[in-house]
Structure formats: structure tokens, C-alpha cells
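Encoded as C-alpha cells, the following chain is the form predicted on its own, with no partner shown.
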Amino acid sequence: MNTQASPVLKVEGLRTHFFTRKGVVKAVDDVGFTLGPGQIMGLVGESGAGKSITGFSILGLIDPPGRIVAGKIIFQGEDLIAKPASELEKIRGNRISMVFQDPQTSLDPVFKIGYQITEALFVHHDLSRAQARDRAEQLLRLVGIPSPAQRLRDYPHQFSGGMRQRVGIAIAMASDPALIIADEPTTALDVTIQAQVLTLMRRLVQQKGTAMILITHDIALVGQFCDRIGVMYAGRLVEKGAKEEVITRPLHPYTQGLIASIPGRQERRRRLRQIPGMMPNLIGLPEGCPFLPRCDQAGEDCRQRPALAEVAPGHQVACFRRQGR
């Protein structure tokens, strides 16, 4: 990984809101981060934190009543927000790819695997049928599927869940993208297969210098497979930094709660810690820290909104208790 290279992706002040009859849902509210070649960024948090909407915003896949209302998404030096839909279509699936949560639904059950991979190649490349089939076979071999020439003739239901996800990764890697967004890519898989799939993805992105965003609710996974971590809560980043810093020295009470709830980190015979309460309604959030009602470290100053501030080199947190205030 070349840390001196120009960033693949730079998100600045991203705000994606949904305008509903009940009010404005601030699904993503002032999110920013930078991702370099070969880096894996983990976005972690509970359901409704804004992780997936951040990924869909980068891809330009926000449908009404949602829209990006502010910010910049600088991909390889170009602001994606300023681009028309026709240009974004040329980028999606080509320079930016996505691995979806459930391979059972992302693969079409009525078409053979070979057809689905070659069609992904034809969209963005001028290849003959023979060239596309050779490339599809190479991709299946790359992701560790045995007898790839034969498996191209199979349908998705003839693959196990882990193998289907490997096919999804092959499709995502087909155009040698600069960025892959993986949205809960192992949720439907058992623990052993999860580790195999994520190890494969990490190896592929590092070999090819591809940047990746791993979206998950599992902080143990991001601690194992990511280079950097962004912790999201109620549409905002509350902590971000290098994996080693965030995992070994978590600063925000929410991050501390997520890590304390990981099985195996507790003393024997002690119950797992839980974060009390629930994620707040994103319509009409109060001005203060959104984690305030669930926080056992809150003070009077937490009725104001804390901004992300650097408290150690590269380690930022949005918490007055950790900012020396």
C-alpha cells in the first residue's frame, strides 16, 4: 500500500437527507474521510447509522425522496456529485464496483454464472465472446473457485452461499476497479466462510491496489480486516482513525460499548455488556450529541453537538469528554 499516492476517494462534508411527510431524515450528516490505494476502510455502526446510505451516495444511487444536499465526493480527482447521471453510469461497475450483502439476491437465478460475468464485462469493455469467456474463467480462478471452466455453465443455485459470494466478488473485480464498496458482504454466511471471503477480498485489493469500503455492523470484523475504521452513529462519524488506534484505544463511549460487547473480550462468567437504549429517530434530532440519552459519561456540555476533533495523530473523536473540555 502506497500511503504517498494520491487518494482514490475523498469524501468531504457529505449530507444525504430524505424528505418525507413526517420530516427530514438526516441519514448522512456531515461525513468525511479519505481512502488511498490498497486501503480498506471499515464503516461500522448499528442498523440505521447511515453506513449503507454513505455507500449508495458515493455510487450515486440515492432515489427520491432522498438526495445529496451538500458535500463533495472526490473520486480520482473528480467530484462525482457534480457529474450527470449518464457519466455516473459509466463509472459504476467499472471504476467503482459493489459487493452486495446477499449473493442469493444479487445474482439472477435464471442465468448461468458465465453469462452474468461476461455481461458485466461487455457493459464496459469491447471484447469478443471468446475473450470475455476467458476473462470470466480467469476471474473465477482468481477468487478460488475450482474447475472454473465447468462452473461457468452452472446456475447460482448450484453454488454454496460462500461460492456465490465469491462469484459476486469476481463480478466486482471484473473491470479492475479503483474502488470497491462491500455492503455487509458476509452477513448471510457462517463464521468460517466469512473469514475466508474477507481474507480473499483483502488479498485481492492489496494485490491490485484497489481501495475498499467495508460496511458492517460487526466491529470485530473491521478490527481484523481493515486498515482504518470510521464509527457511525445517527448519520454522523463519531470516531475515526487507524485500526490499531480505534480498537486498542477507543475514545468515544459508543465505540467503547461496541468493543465491550464483542464475545471473548469479557472475563469468564461475566455477562456481555450492552449499550442501553436504541438509536434515536433521525427526524428532528436534538442539537446536542445524538448519543447523549444512552451515554453514562455525559455532562452538561453534551447538550451541544460535538464536532470531530483530532486528539492524537490521525485519531479523531466527536466527544467533549475526550477533547479536554
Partner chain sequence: MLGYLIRRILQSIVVLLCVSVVVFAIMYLSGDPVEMLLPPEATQKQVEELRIHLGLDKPFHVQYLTFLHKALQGDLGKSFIFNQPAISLIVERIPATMELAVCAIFLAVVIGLPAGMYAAVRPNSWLAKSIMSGSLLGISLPVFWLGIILVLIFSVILGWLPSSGRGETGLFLGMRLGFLTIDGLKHLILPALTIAVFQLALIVRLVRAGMQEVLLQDFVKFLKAKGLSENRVVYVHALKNILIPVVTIIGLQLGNIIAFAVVTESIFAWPGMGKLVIDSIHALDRPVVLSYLLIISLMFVFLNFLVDVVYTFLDPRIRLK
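Positions refer to the first chain, counted from 1. All figures in this text were calculated on a predicted structure; none of them were measured in a lab.
There is another form of this protein, the form predicted in complex with the partner chain, and it is not shown here; the text below is about that form.
For the residues Leu285, Leu61, Ala260, Leu292, the 4.5 Å heavy atom test against the partner chain in the model of the complex is passed only by Leu61.
This chain is displayed alone, yet in the model of the complex one of Ala130, Ala82, Val191, Val110 has a heavy atom within 4.5 Å of the partner chain; that residue is Val110. Taking the partner from the other structure, the partner chain in the model of the complex has a heavy atom within 4.5 Å of a heavy atom of Val123. Interface membership of Gly230, defined by any non-hydrogen atom within 4.5 Å of the partner chain in the model of the complex, is ruled out.
With a 4.5 Å cutoff on heavy atoms, Met98 counts as touching the partner chain in the model of the complex.
Taking the partner from the other structure, the partner chain in the model of the complex has a heavy atom within 4.5 Å of a heavy atom of Arg92.
For the partner chain in the model of the complex, the listed stretch (214-222, 243-251, 71-79, 98-106) containing residues with heavy atoms inside 4.5 Å is 98-106. In the model of the complex, just one residue of 20-57 lies within 4.5 Å of the partner chain by at least one heavy atom: Phe56.
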